[in-house]
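To begin, one chain is listed below as structure tokens, in the form predicted alone.
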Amino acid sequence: MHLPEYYEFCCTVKTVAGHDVLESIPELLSKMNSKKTMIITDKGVELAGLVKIVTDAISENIEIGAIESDVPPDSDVRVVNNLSKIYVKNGCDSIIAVGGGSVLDTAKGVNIIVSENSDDLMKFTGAGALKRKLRPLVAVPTTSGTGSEVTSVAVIADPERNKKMAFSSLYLLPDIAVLDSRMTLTLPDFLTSQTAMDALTHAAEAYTCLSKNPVSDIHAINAIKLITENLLNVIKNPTDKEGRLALATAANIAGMSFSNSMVGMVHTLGHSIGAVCHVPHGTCMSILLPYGLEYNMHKTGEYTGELLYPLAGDKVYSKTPKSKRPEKAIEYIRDLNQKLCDATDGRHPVCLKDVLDRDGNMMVPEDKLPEIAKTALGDGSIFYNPEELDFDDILKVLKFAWSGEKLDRSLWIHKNSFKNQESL
């Protein structure tokens, strides 16, 4: 193993996991001197009855000052500002975030404003803007994807700029992550598949991008293994509590991994598709992951090849020649996406042109690809990608991902370049 000369790894989040662990939240908040909490969630989570499960588990032991479900699919700075006012008006002193990535990121944004006694979230964009610990935050994920319950980042949309703004600080780490299998039992099959592929993408990019390190690598490999061993079975048997908890754990440790090693072009493109066309993040990740690994293969093929072990198991890994492992790993990811598409009756799309809204309309028209490519150039994750990306590169990759064709790597002549050249 090649060790970097220097690396850091930090996760201060206390994770509590099991089949009935929501009941521990009041005691955990009490230890942080919290007496009145605000629950932030979204309409879907509320309608699914998950908020009631949480309130039934905790309301006898802690006062709930407000329950707010006005969180959109993409976290929005305007919603963050509004929820912050409600938090202050009701005299709350902590937050319980119950939901997926948008809810958790929204809660982090609210926590920034109320802790800093500010009215402008945009003052704290980027890295290092926060200088002190924030108010108590308990994260209860209802999907097994983002890992936001253990990450030091939040991505919040700014509709006025048509961009997703990144916030990064160790102070953004929640205090407690509660993984309770009850929270994902009712998650529809296509959301289960897409959010799990989001977690797999976190792990794969963490393992192959520029800031990888030995500790993040261990978390990434184990996350991928848990996903490939449990995802299809959970799709077929949605009430499998053990499988649900395994996927929640996978998302959690994948979050720890990429929060310390960062991600690359798959997230660069995914953030931009989300900003321009409002496609769910997990959908983007599942479609784009094979293309990102292919594009970077000439620089990170060895690491991509090592992913074959958790993806396919030791027998396939040992029987596959080293030079063939990278392509085999990507083949397994594509095959997994297709199996998920079949298992969800097509609701897990495998290319961008097949992503449809509720009315059956195409969400990513081909003529939007140039705008997406332009937006991607301003995304911070681009700096951690192993290979440089310019507008033309991004547009080419997007066109392949739109059509569903396998990436033709011979089209590229990079600045550091390759053409019909392999480093394996």
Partner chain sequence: MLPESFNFMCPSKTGSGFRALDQLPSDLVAINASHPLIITDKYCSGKYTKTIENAFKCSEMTLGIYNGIKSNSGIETVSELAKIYNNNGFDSIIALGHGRIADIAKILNIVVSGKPDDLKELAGVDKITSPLKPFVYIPVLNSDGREATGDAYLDDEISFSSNFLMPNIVCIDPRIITEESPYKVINSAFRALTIASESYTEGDNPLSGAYEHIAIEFVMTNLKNVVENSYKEKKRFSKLNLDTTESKERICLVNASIMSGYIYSNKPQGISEKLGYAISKKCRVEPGIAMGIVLPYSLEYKANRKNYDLEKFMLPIAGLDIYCSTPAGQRFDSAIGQIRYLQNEFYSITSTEVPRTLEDAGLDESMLSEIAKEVACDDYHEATCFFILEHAFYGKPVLP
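Positions refer to the first chain, counted from 1. Rigid core here is just the name for the largest C-alpha set that superposes within 1.5 Å across the two forms. Since the model is a prediction, treat every value here as computed from it, not as a measurement.
Below, we refer to the form predicted in complex with the partner chain, which is not included among the displayed structures.
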Just to confirm, with a 4.5 Å cut-off on non-hydrogen atoms, which of Leu170, Val276, Ala343, Leu185 contacts the partner chain in the model of the complex?
Leu170
Using a 4.5 Å heavy atom cut-off, state whether Arg325 contacts the partner chain in the model of the complex.
yes
Is Asp314 part of the interface with the partner chain in the model of the complex - any heavy atom within 4.5 Å?
yes
Does Met256 reach the partner chain in the model of the complex, with heavy atoms at most 4.5 Å apart?
yes
Counting only non-hydrogen atoms and a 4.5 angstroms cut-off, does Lys133 reach the partner chain in the model of the complex?
yes
Please determine, with the chain shown alone, which of 49-57, 30-38, 357-365, 66-74 has non-hydrogen atoms within 4.5 Å of the partner chain in the model of the complex.
30-38
Using a 4.5 Å cut-off on any heavy atom, which residues of 231-255 would contact the partner chain in the model of the complex?
Glu242, Leu245, Ala246, Thr249, Asn252, Ile253
After fitting the core, Ala129 CA displacement of 2 Å or more between the shown form and the other one:
yes
Rigid core fit then Asp240 CA moved by 2 Å or more between the shown form and the other one:
no
Could you tell me whether the Cα atom of Glu116 shifts by at least 2 Å between the shown form and the other one after core superposition?
yes
